[in-house]
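Next up: a single chain in structure tokens, the form predicted on its own.
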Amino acid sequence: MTLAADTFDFVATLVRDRSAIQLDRGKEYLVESRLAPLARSAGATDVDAFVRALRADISQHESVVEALTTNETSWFRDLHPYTVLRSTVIPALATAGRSPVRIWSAACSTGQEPYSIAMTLADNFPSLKAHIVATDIADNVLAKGRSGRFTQLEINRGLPAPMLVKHFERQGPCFEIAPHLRNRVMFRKHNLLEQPPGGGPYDIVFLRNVLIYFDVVTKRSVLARVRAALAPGGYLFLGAAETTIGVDDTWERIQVERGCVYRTREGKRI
């Protein structure tokens, strides 16, 4: 069954208004597949019927936005950011006397990114004091991150075997990250359309693989908020397919080894 045009338009508008994520025509299949489980749970005959009821039931709107939020994630995704973090960024911050180092992992999904950061710090800078704030718009993924428990399938997505042995314990069918690492990460609910979470100013912000879902105007507003939350001389990590070039010229892209970081122009030295 093809999703009705007015159903798609309502959902696309709701998601855009709540999260700034753009759902363009051609994504009807995505809306239908993501909302089908909610429709079944609600006893609706199909997604169109579910959305018709949804128009008058705002209590379900948040669950729809969560269902349409992409939660693609993996351990040490793209690897280069963590290499740059270890080889260049943390040593530069240590030399500058930053302590504790404050890190914001934005749009963190189920926690693999902030825990990858925590493991990088623990293995390479054991005496470093650091606070990691991890945020996402969806309650369900935040709950998963806080639990620190991951299935074998989730573990297999990028976690090196030595780190599994060193930093996780088997708990039935799952693996649980060590308490001292779990306690190092503070998970909070946050919408990137809102003011940055408390805990800053941040020395490092990971805002990876999320700007690609926004239009240019929203990208600029999000980058402006991040800039306001970043400490002088702080570092911004974006996804491999993302850039500030042509979007916000107050940032400068700096090549570091095989990766790159972004800094505001007044703090461009590395």
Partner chain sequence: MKALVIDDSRVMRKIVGSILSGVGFETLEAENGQVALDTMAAHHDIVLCCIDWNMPVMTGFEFVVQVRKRAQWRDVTLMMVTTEGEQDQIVRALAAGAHEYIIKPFTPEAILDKLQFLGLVEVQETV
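These numbers were taken from a predicted model, which means no experiment stands behind them. Positions refer to the first chain, counted from 1.
What comes next is about the form predicted together with its partner chain, which is not displayed.
This chain is displayed alone, yet in the predicted complex one of A53, V217, A224, A241 has a heavy atom within 4.5 Å of its partner chain; that residue is A241.
Of the candidates V89, L159, V141, L121, L159 is the one whose heavy atoms come within 4.5 Å of its partner chain in the predicted complex; the others do not. Residue contact check for R98: none of its heavy atoms lie within 4.5 Å of its partner chain in the predicted complex. In the predicted complex, its partner chain lies within 4.5 Å of some heavy atom of R258. At least one heavy atom of R170 is located within 4.5 Å of its partner chain in the predicted complex. In the predicted complex, its partner chain lies farther than 4.5 Å from every heavy atom of I137. Screening 147-155, 183-191, 101-109, 123-131 for residues having heavy atoms within 4.5 Å of its partner chain in the predicted complex returns a single hit, 147-155.
Shown here without its partner chain, the chain has L79, H80 in 79-98 lying with a heavy atom within 4.5 Å of that partner in the predicted complex.
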